[in-house]
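Just the one chain here, the form predicted alone, laid out as structure tokens.
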């Protein structure tokens, strides 16, 4: 994949920010790059027009917080996942979108969504320890993937489409054969999990997954150094695995960001990895090269960040924030 012209994370700068009425949980660009969609703490989905920030509220699809977003391949539909366990389909570009269909997908929170490279399947992960595959076209259940022993926080398809990756609270990443629904391999992401005996809590988990476009690397993000989980003492961490050998090649760190958690990951066109860290220490976009342990650049965001989405052209990032704003950051020099 060629790097977008002008891509330079060290030139990152915020170009727009738009408010909502409640803290935001999720942010994604539609596949055609027209809109930014967000999920929030008030059971709404928000659509912002990228050209001018015009906001449209999508209501009636959920009873509580909206946590995850995905799109049909052609961009005609956006699919939202909520803490009510529901998935809802909406028309992306309708003047006043109404729910097209709503299905009961999980018992408990829907944590993450991903659409297969061919656009046919939607993968959902939930707090019921299950992963499910659905037809994007009609919402029909295709397959249930049991096997995780704890909450499933992240999902990502391999670029070739034959495999699905899922990550859970205990630091287990499972690789599934999409056609058969069988678990074929397990990646050990235990450094992302902490059990604190005194507080008796399991903490951390695989909060983000991303496979490089060439299929060479699997990245899993979360936190480590969790010496006091209930006190939110920890730092962001990304584990980088070689896809073929399953070997843990590198631990990407970001020293000094106390209370940081990697909530989202994306591979950039220049071959580097971008992560979103959010926590009590604020929000950061972090950038790593595959051959280096430490981040080569970090861009501070104005407020605690919870999610990010990369624009189809690879130069803009949408971040969802606790201070009730979505922000657009451009990874390139300012236009004179």
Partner chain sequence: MNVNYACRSAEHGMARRQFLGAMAATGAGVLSSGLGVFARPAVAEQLASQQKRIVVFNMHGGLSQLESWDPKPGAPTGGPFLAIPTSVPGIQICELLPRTAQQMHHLCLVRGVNTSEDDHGKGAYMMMTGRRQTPAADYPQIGAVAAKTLTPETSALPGHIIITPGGGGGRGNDAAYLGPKYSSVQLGNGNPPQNTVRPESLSESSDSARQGFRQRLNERFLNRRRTAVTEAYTYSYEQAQQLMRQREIFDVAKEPEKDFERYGKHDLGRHCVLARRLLEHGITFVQVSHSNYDTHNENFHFHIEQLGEFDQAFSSFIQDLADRGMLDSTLVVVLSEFGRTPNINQYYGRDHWSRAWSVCLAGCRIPRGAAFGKTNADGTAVEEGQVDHGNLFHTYLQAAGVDSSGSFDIDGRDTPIADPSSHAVTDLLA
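Positions refer to the first chain, counted from 1. None of the values given here were measured: they were computed from a predicted structure.
Below, we refer to the form predicted together with its partner chain, which is not included among the displayed structures.
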Can you tell me which of 228 to 236, 157 to 165, 208 to 216, 135 to 143 lies within 4.5 Å of its partner chain in the model of the complex, counting heavy atoms only? 228 to 236
Considering its partner chain in the model of the complex, which of 310, 50, 304, 273 comes within 4.5 Å of it through any heavy atom? 304
Going by heavy atom distances of 4.5 angstroms or less, which of 71, 176, 89, 263 would be at the interface with its partner chain in the model of the complex? 263
Quick one: is residue 292 in contact with its partner chain in the model of the complex, heavy atoms, 4.5 Å cut-off? no
Residue 83 near its partner chain in the model of the complex, any heavy atom under 4.5 Å? yes
Can residue 256 be called a contact residue for its partner chain in the model of the complex at 4.5 Å between heavy atoms? no
Would residue 148 show up as a contact with its partner chain in the model of the complex if we use heavy atoms at 4.5 Å? no
Every residue of 63, 202 and 280 near its partner chain in the model of the complex, heavy atom within 4.5 Å: yes
Within 4.5 Å of its partner chain in the model of the complex, which residues of 315 to 329 have a heavy atom? Give them in sequence order, or say none. 322
